[in-house]
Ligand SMILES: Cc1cc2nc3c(=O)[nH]c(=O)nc-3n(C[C@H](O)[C@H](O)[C@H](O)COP(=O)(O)OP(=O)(O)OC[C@H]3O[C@@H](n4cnc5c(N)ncnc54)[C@H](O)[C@@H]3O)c2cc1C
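Next up: just one chain, as structure tokens, the form predicted alone.
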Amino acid sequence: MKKKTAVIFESFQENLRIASWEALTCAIEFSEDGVDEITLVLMDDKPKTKAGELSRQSGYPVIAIDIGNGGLYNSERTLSMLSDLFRNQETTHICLAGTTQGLDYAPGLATRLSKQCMTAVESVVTEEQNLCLARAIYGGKIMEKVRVDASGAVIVTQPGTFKPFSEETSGAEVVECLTIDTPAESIHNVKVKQVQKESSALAEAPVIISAGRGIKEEENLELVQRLAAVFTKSAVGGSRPICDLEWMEYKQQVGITGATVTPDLYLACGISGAAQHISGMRNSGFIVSINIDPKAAIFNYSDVCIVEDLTTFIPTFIETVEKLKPA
């Protein structure tokens, strides 16, 4: 049966989220031999221009929905708009990114459309000649493979697990603009409070230096920060115990209850390798781990394993790098 798939794109501060491009990759991989119909859906305030760019860049038709309201997200209105749209379009499958916004409305959308809701999807696999969706369960210890019913599903991808769609296309712009009047009755926006931005977000940093309980003392975080400063574009993250101790903010946490990251280089300092942490960084390009325990579980996932006290290794490494710099 030919699937009719919609991919919901989300924008933030005038830019399309990278995680939405990852959701498009999932939809393409889940397409049967590339013959299934794929349409992109963009909900924004005055989205016509952005939708045109999206259509040209992706090569797929785009439905642009003007949500008004200054572009502010409202879960009640979003549910009403999307459920009405997908009923009329007879959409079978819906892909979206597991952002805070996506995770908020996805279960309700699946319920209204009487479809399965598959969250935290990490890959598309073939099992007994059937395309299945795979996701980690039991803290990342087991990969579950699920076959989707013919009736369709709402598929929510785990950010950082699919490669963002980046194919160069020269397709013509195909955009359908809609205005759906669905005023909210129970939920109303009051104001938007912007959190303080970090200099380098975990989701976008090509290099991430993470600290675990093995750094022993909060004062040793300075070593981790100095190590991060060696790299041009980097971010500092941490494991759950570090955040629980309030040595770092929870927005810096990497793991199943934090951020899922896929940097080019991931450097773990004093991290033992619990399944909860591994699930958030195992798809990194190159993994280097520093730990005094030669049997640390994280070494099973590392490309380079350094058995050493980080308070000895990091200063020595930084000193060596400084010496190698051209005068």
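The structure displayed is predicted, hence computed values, not measured ones. Don't overthink the numbering: it's just position in the shown sequence, from 1. C-alpha atoms forming the largest set that superposes within 1.5 Å between two forms make up the rigid core.
This next part talks about the form predicted in complex with the named molecule, which is not shown.
Residue 256 is the only one of 124, 117, 256, 175 with a heavy atom lying within 4.5 Å of the named molecule in the predicted complex. This chain is displayed without the named molecule, yet in the predicted complex the stretch 292 to 300 from 65 to 73, 52 to 60, 292 to 300, 39 to 47 comes within 4.5 Å of it by heavy atoms. Residue 108 falls outside the set of residues with a heavy atom inside 4.5 Å of the named molecule in the predicted complex.
Interface residue remark: residue 310 is counted as part of the site for the named molecule in the predicted complex, having a heavy atom within 4.5 Å. Although the partner is absent from this view, residue 147 stays clear of the named molecule in the predicted complex, with no non-hydrogen atom inside 4.5 angstroms. Taking the partner from the other structure, the named molecule in the predicted complex has no heavy atom within 4.5 Å of any heavy atom of residue 157. Along 271 to 303, these residues reach a heavy atom to within 4.5 Å of the named molecule in the predicted complex: 271, 272, 273, 274, 276, 277, 290, 291, 292, 293, 296. After superposition on the rigid core, the Cα of residue 244 moves by 2 Å or more between the shown form and the other one.
With the core held fixed between the shown form and the other one, residue 63 has its Cα displaced by under 2 Å.
The Cα shift for residue 306 between the shown form and the other one, taken after rigid core superposition, is 2 angstroms or larger. Three angstroms is the minimum change: in the predicted complex, the CA atoms of residue 25 and residue 266 sit farther apart than in this structure, by 3 Å or more. Whereas the shown form places them at one spacing, the Cα atoms of residue 276 and residue 20 lie at least 3 Å closer in the predicted complex.
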